[in-house]
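The data below hold one chain only, encoded as structure tokens and taken in the form predicted on its own.
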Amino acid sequence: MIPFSPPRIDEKTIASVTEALKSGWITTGPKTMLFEDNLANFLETDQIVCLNSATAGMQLILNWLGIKEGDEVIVPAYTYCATANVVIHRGATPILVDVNADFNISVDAIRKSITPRTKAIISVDIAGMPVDYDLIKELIESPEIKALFSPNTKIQKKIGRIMMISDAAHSIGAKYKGQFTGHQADMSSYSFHAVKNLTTAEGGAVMFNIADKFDHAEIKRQFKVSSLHGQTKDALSKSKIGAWQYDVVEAGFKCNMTDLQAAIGLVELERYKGTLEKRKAIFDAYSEAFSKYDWANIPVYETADKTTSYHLYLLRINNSTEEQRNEIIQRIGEKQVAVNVHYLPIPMLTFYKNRGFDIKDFPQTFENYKCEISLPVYYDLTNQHVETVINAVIESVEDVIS
């Protein structure tokens, strides 16, 4: 069976984790700090804070921004539930909007959904392909939209407009107009989950991009405190002789990254350039093979302004119904190839349906979803495996829709 997306665990990874275990330091410590520094260098930025997930990153961002009940946060209907769940956790209202044919959030839909209650937009780089950052920034900086903005906190007043947050869970290493994702939104949250291009088993990180208004080092310090229940000292700081005393200055969260996670991330980051090159080669092989077929809607993963991180290969089957897509997936599986669907749209999830959302209000979201199949993409996928996937897809599609 060809799996969908297994992590790359080899002797180098095992040695790095073993080193951390033998050091006796397994919670947040020197390896986490080194990973933060190396990640900041890779992304060409000044400050990165590492956490236990991208979800935690978005939670801390909304917490820092002061999002509360009565506030609205705009979220694409086509994303994983975490993007909207973090808004719910703040007691605020997620405002779902439709996406474009390229899966990314529609700027026109954003414009129509902005009200005086709108405090933030969370865009999502689906599959690793950056959103239209400049168009979103142009919208939220426009005089008529800024005039609608009604800040409730000192931080919101200092920002002076709707905050632009990037759910960059898929897009570490992707580029927009020559810069890595993270340099466009006010804050961006990356994921290092087990199936991501760069993994720490579970994990995430936040990158800051508001140095014109705030001190990034101070924000990082605040996020560190918030990630440890509001405690002013982490375990490494308290381990120094006579430094046991600490305070708790807020009712924070518990979402710090551990050195065991960072040990994996340090290895992954060191070889990430090669990982991206391998994933690109797989994308190119799929596209070359499927371009011969009229039923194949091949994903765009490179444009003049954008380069993906090659996280997900979102193949769509032209003119397929949802039922036909599901049958195709079943047949591909019977050929010993694991595929997936990204994602079941938020309005189709029971929790959100019960809140009044209806997929009929998001036609492009459903159009993208009903015929989408995500194909295996990972470092250890061999050329022979790629050929097996290609043949399984072609045979299964033509059996169902011919």
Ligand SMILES: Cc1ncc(COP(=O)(O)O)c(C=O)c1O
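For every residue, the number given is its place in the sequence shown, counted from 1. Computed from a predicted structure; not experimentally measured.
The protein also exists as the form predicted in complex with the ligand; that form is not presented, and the subsequent description refers to it.
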So which stretch, 47 to 55, 63 to 71, 348 to 356, 27 to 35, is the one near the ligand in the predicted complex (non-hydrogen atoms, 4.5 Å)? 47 to 55
Could you check which residue among A174, I110, I264, V124 gets a heavy atom within 4.5 Å of the ligand in the predicted complex? V124
Interface residue in the predicted complex among H193, K224, R316, R161, criterion: non-hydrogen atom within 4.5 angstroms of the ligand: H193
Check all three, A82, A169 and Y343, heavy atom within 4.5 Å of the ligand in the predicted complex: yes
Given that the ligand is not shown alongside this chain, does G182 nevertheless sit within 4.5 Å of it in the predicted complex, heavy atom to heavy atom? no
Would you check, heavy atoms only and a 4.5 Å threshold, whether P130 touches the ligand in the predicted complex? no
